[in-house]
Every structure is written in C-alpha cells, then in structure tokens.
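Coming up is one lone chain in structure tokens, specifically the form predicted alone.
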Amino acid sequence: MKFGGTSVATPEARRQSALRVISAKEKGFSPVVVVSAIGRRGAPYATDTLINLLKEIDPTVEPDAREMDMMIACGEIFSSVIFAHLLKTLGQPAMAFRGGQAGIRTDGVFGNARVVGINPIALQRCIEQRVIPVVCGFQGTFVPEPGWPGGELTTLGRGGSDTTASALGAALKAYAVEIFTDVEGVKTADPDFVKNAPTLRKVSYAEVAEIAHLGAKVLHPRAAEIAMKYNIPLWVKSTFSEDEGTEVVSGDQVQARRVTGVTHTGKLVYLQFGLQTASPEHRKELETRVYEMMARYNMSLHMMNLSPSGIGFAVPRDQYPIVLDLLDGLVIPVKNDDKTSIYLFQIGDKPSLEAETQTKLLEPLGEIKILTIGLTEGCTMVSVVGYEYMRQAGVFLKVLRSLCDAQVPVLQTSDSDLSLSVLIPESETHKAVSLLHEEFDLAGAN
C-alpha cells in the first residue's frame, strides 16, 4: 500500500491513510506500507523544499548528486517514522525502514537509480511477527564493492515511490499493489482540463505506462513496467474517496475500446537541426554525437524526428538551459580520409556570443561549417492513447482534422503502437485536450 505526498501531508490525511492500512489488516492481509515525502512543493519536508535548501546556498554552484540524494531522502525518512508512530498510537505495531534497510539494492546512478535486486528479509520477519513495515519510498542502497560498510544511499528519480511499491510487491509476491493518491484512479484526461473526466475501471499495464510516459502524473511508468513483468495486480485509488479506483491488468483482460485517454506533457522547447550543409558522409557521425551528448547528460527527449534535412527533438523547458550550454557553440570535428571537417552548431539564425567566439578561434584551422538549430519555445505535447487502436486507418487524419478545424497549429507529430502525439503551442493545450476528448467520445468511457 503506497501513499503519496498528499495522502500523508496533514494529520487528518495521515490518519485516513493509516485507517486504510488497519482495515486491510483486519480483512486478513499483511500490509506493507510505502510512503512518499510529506506534502508537495512548499511544505517543510517536501522533496522540492529540501532541494531548494541546498540550491539557495549558492545558485551558481550545482549540488553534488550524491549529497543531493542524501538530502532529499530525508523527506521519506521523516514520513516513514511519523507514519509508523501513528500506527502505533492506533494500536498497531509498526516499524519504519529506509530503502536500504528494506533490502532494496540499486545500480548506483545518483538521482535516477534503478532497482537491481531486493532481499526483503527484514520485512518478511516483520510480517511474520504481525508488525506493519513502513518503508521509505524513492530510495535504495548501492554497494560499490562487496564488504563496503553501509553502501551509498541512492534515489530512484521523481515519482520513485511508485517504483518502490511495485518492486517490493514483486519481491514479496504480494496479493496486489495499491497506489493511493488524491485522484480516484486513472482518468481519461486531466480533470483540470476536462471537468468530470471519467475514471477508467480497467487499463492495461502497457496503456498506463504509455500514459505516464506521455505526461500523466497518476503513476510512474517504471511501476507499471515492474508490475507487468511480474504480473502483479496493480490498483490506483484515492485516499479520500471510497471509489473502487482503477485496476491495471494484462492486455488480454482489457475490453477493446476506441481510445483510453488524452494526456499532455508540461512545457517543451523544440529543436530542429538543419544538416543540409553537412557532407552526406558526415551526417551519421554528427547525429550520433548529438544524441550521445543528450544521453550523457540525461536529457529527456520527445517528438524525435529524422528527415532528409536534419533531425529534431523536444526537451522539457527546465532542461533547456543545460541543452543551450551543450549545443550552442558546440564544435564537432569529423575526420574523413586525411581531411578533417569542422562543424559548429549555433542556436538560431543569429550567432550568440559563444558561437561567434568559437568561430573566430577556429578560423586559423580552415573552413568552419555552421549548422543552424531552429528553436521553437512555448510548446507542449498532446497525446491520444489507445490499446491496439492506433494501428487503425484514419486515426491520424481524425486528430489532425479536428485540430485544424479548431485552428490549433500542429508543429510536429509522432506515433507508437499505443499512442499518437502532436506538438502544439502551449497556449492551445486546454483547447486541444478538451477537443480530442470530445472527438473520441471519452465522456462515457469506463
């Protein structure tokens, strides 16, 4: 039973969550609890608050990833101890565990670690003794070498408490994993954009992972992927409602439907790389170097596009400053036989001070080929998700025609087996989500 930040944000919310745990125990289950940090941005122990405590010391100095993990993991530690103590005051024996104490081992990537194994001996002992384990979500331990004392604390990335719950469910062979949040389940659209958007009663693991990857915050995609791999029943429910919620199951248990839902990302910046002036034999090298750099710095790429004129992709706006530093003025030498060609990337038609300086410094080496990166700011991605529906003829046309009739500009498109996405101006997000929700008749979905 995993409880998110809003489910543990106040004494009243924590009590309601605790009563759900006690109810499960009274029904004969042996509940294992996973908790997020208390509250959201602005709350004293919320993850964002802890991040800001470090960054406000000197905004020009980026905190070390290892120390940042140690800092933000404190939020879940506070939460687990408080929740365990609350259960004790309600007459239920309970014990708090850090991720490492619960047996969660990770790959050691600070800030975005993946679970590589779980040895839940301590949790199993608690269960045998009828003690309720309360585990810190979002964290684990990396042991660099056998015999190292304690190991390094690592975090699993934003939303990682869902991943903790699914991974523990798999390790403990749980009857089910229940994710408790402040919404009644997986909706056909964001209720802030579509009032009274219905709750889906059943969705497939693949669908909910796709919805999460495309912007919905209701469940972390890794949680769905782990549950799918181990075939664990997964539920998304509200802490504050008696609604039955959404059951996440395998694809063969989901009735065929036209479209599951409409989702959208946050704020994006779209970059279009013009490679027309590059020598054809250098294209592959240039593209590979750009993508390698994005991967090295963990940039999230959306709407990737490959065409005869170049490549393109969108990045979250909060990552754009890093992308700007990496790409504007980037020099890539490409050797071909005995000759070396020098390419310089610049963002926009007018060179920045950095790009101009690089060009002047490189002039003695010979011809510099300038590759321009077109920039479109203020974008968002709206996606239509459907299980085995995107393959049908006419879906793409229906989406584009609907948006065109409503005068919503489409800047770029992409698709997969489960979704079709369009890049549009951010100002048109509300209109586009509402329009597509209506176009695919999702008001009556269940």
Partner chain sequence: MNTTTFAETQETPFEKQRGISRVEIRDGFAQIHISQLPDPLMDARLEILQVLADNNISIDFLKLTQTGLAFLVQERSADQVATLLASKVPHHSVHRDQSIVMVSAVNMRDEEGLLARVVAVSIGCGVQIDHLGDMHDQLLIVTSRDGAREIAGAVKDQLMEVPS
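Positions refer to the first chain, counted from 1. What you see is a predicted model; the values in this text were computed from it and never measured. For clarity, a rigid core is taken as the largest C-alpha set superposing within 1.5 Å between two forms.
Beyond what is shown, the protein has a form predicted in complex with its partner chain; the following relates to that form.
Proximity of Gln139 to its partner chain in the model of the complex falls outside the 4.5 Å heavy atom cutoff. In the model of the complex, at least one heavy atom of Cys404 sits within 4.5 Å of a heavy atom of its partner chain.
Although the partner is absent here, Pro44 sits far enough away that none of its heavy atoms falls within 4.5 Å of its partner chain in the model of the complex. In the model of the complex, Thr380 stays away from its partner chain, with no heavy atom inside 4.5 Å.
Every residue in the set Asp107, Gly117 and Ser414 has a non-hydrogen atom no more than 4.5 Å from its partner chain in the model of the complex. The contact with its partner chain in the model of the complex, taken as any heavy atom within 4.5 Å, belongs to Arg158 out of Lys267, Lys217, Lys369, Arg158. This chain appears without its partner; in the model of the complex, the one residue of Lys335, Lys195, Lys284, Lys350 with a heavy atom within 4.5 Å of its partner chain is Lys284.
Only one of 284 to 292, 335 to 343, 245 to 253, 69 to 77 lies within 4.5 Å of its partner chain in the model of the complex by heavy atoms, and it is 284 to 292. Of the residues in 208 to 240, those that come within 4.5 Å of its partner chain in the model of the complex through at least one heavy atom are, in sequence order, Ala209, Glu210, His213, His220, Pro221, Arg222, Glu225, Ile226, Lys229, Tyr230.
Core-superposed comparison between this form and the one not shown: CA of Met294 displaced by 2 Å or more. Pro233: CA moves less than 2 Å between this form and the one not shown after rigid-core fitting.
With the core held fixed, the Cα of Gly374 is displaced between this form and the one not shown by 2 Å or more.
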